[in-house]
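Shown next are two forms of a single protein chain, provided one at a time as structure tokens under the names structure 1 and structure 2.
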Structure 1
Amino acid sequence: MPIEVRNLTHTYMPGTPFEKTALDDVSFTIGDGEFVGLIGHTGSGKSTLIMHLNGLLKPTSGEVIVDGLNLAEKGVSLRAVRERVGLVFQYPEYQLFEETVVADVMFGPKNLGLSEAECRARAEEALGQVGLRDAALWEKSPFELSGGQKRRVAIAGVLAMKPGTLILDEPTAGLDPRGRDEIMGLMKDIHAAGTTLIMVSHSMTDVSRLCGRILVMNRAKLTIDAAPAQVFADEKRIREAGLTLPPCAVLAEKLRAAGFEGIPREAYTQETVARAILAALGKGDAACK
């Protein structure tokens, strides 16, 4: 179920003094089972881009093709598209509205026209997926939960629609380190279960930990589209885009410059860099832990 974006341009409020081109001639294709990180400075157009992928925004020009369906064509059911591409917004906890957690998660499946029993089964499965297995919690009001729990309920609300592709807009924003790790772990699991994932982020570190491919946005344009190792090799362009390398990639680069040539470019996460340093020092993998 590939997603194809061709020459996508989007202008907000055209013809007014507030006119703003948020996307400028963006093209890429995302294949099945990929885990893509979408990164860029504030206002670079990331949120605008992902809202095109399930038809929430219409392109000013260019096209978006999901699973062979051209979203601009007449007669394409947007509901069918939204069933295929799930979108979790930034701070999704602000969309919760139902009386109970489980009812809120059932909202999506209900909109797909599924039976009550099917909706309930999907909701329970999705809540389990996000680690909320305690059935006592399901009957609580979503407004009584903690921030991290609310966010997981909101993610479950989209997961329950069983989308083939899941997009998350800054899923770790505003969470403490532990909540962050939990969400990152959750995304890893969802990806492992066969869902295509797109994660929007400000943080190179977060993106480098999980993603197999990184798209970098800079002022409405897509400037880099490559695997992490290649992306981090192009420090100049990353700086131009107003971003910084993950600290471990910087460390590895500095060590290489200082003569430790054995540290490979493929090492950029905490774990891989640690291993590479140990190997370079002649110590075995065993010393890693």
Structure 2
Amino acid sequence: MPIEVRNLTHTYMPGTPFEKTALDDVSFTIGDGEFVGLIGHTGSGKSTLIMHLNGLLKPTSGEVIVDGLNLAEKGVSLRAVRERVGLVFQYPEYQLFEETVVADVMFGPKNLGLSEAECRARAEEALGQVGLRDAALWEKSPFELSGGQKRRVAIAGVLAMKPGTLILDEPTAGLDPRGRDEIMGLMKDIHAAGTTLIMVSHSMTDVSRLCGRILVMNRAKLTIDAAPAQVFADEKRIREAGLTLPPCAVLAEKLRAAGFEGIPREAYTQETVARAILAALGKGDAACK
């Protein structure tokens, strides 16, 4: 289920003193099964972009095509689009409102007009996907859960609609280290199960560890679209976008500056930097195990 963005431009409050172009001629395609990171400084256009991908906003000009559906055309069912592309906003746990966990997860499927039995089955499946398999927990109030559990419930509510693509806006924001690791593991599992993922994040560590491709936004434009190794090797453009390198890439840069040879610019994660250091020391891959 590809998503094609063609020459997308979005201007807020056109023709007024407050006119602002949030997206300026942005184009890219996301194919089935990709895990794409979307990064950029605050105000770069990330949030505006993801809201176009499931029809929450309409382009000022340009096109967004989801699974062959052109969102700008008259008569296109936005409900059909949102069945295909699920969007999990930042701090989604604040949007929980039902009396029980399972009822909250059933809310989306009910809006699709499915039977009570089908809604329940989808909710139970989605709760299993996010690691909440205890049936006793399903009947609890979502407000009795931990912060990480609440976020899992919110994600399950979107998964229950069975989207082919899932967009997550800062999915680890505000969580403690344990909750952060749990959500990162969950995203790996969802992706491994076949769902296309798009993750908006300010965490270069999260993006570098999870994503196979990164889109970099800067001042309403898409300035980089490449694999993580290429993105983080281009420190100048990353800095120009108001971003920082992942901590391990910073360490690698400092080692190179200190004369430690053999650390490639493509080394940006704990694993790749460790391997480069050990290889330079002549210890090879065996020392990494």
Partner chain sequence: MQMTIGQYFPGDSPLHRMDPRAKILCTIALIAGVFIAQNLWAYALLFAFAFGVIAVSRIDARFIVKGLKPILFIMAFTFVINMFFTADGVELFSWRFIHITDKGLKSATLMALRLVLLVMTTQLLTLSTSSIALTDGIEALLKPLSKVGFPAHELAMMMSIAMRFIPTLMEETDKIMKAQMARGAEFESGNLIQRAKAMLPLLVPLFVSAFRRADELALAMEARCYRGGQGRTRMKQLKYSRLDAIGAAITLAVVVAAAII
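None of these values were measured; they are calculated from a predicted model. Throughout, rigid core stands for the largest set of C-alpha atoms superposing within 1.5 Å between the two forms. By convention here, residues take numbers in order along the sequence of structure 1, the first being 1.
Visitor: Looking at both, which one would you say is the form predicted alone?
Guide: Pick structure 2 here.
Visitor: Taking the rigid core as reference, does E34 move its C-alpha 2 Å or further between the two structures?
Guide: No, its C-alpha moves less than 2 Å.
Visitor: Does V231 shift between the two structures by 2 angstroms or more at the C-alpha, the core having been superposed?
Guide: The answer is no; the displacement is under 2 Å.
Visitor: Could you check whether the CA atom of L243 moves 2 Å or more between the two structures, using the rigid core for the fit?
Guide: It does not, since the L243 C-alpha is displaced less than 2 Å between the two structures after the core fit.
Visitor: Could you state, for a rigid core superposition, the Cα shift of K254 between the two structures in Å?
Guide: A shift of 3.8 Å.
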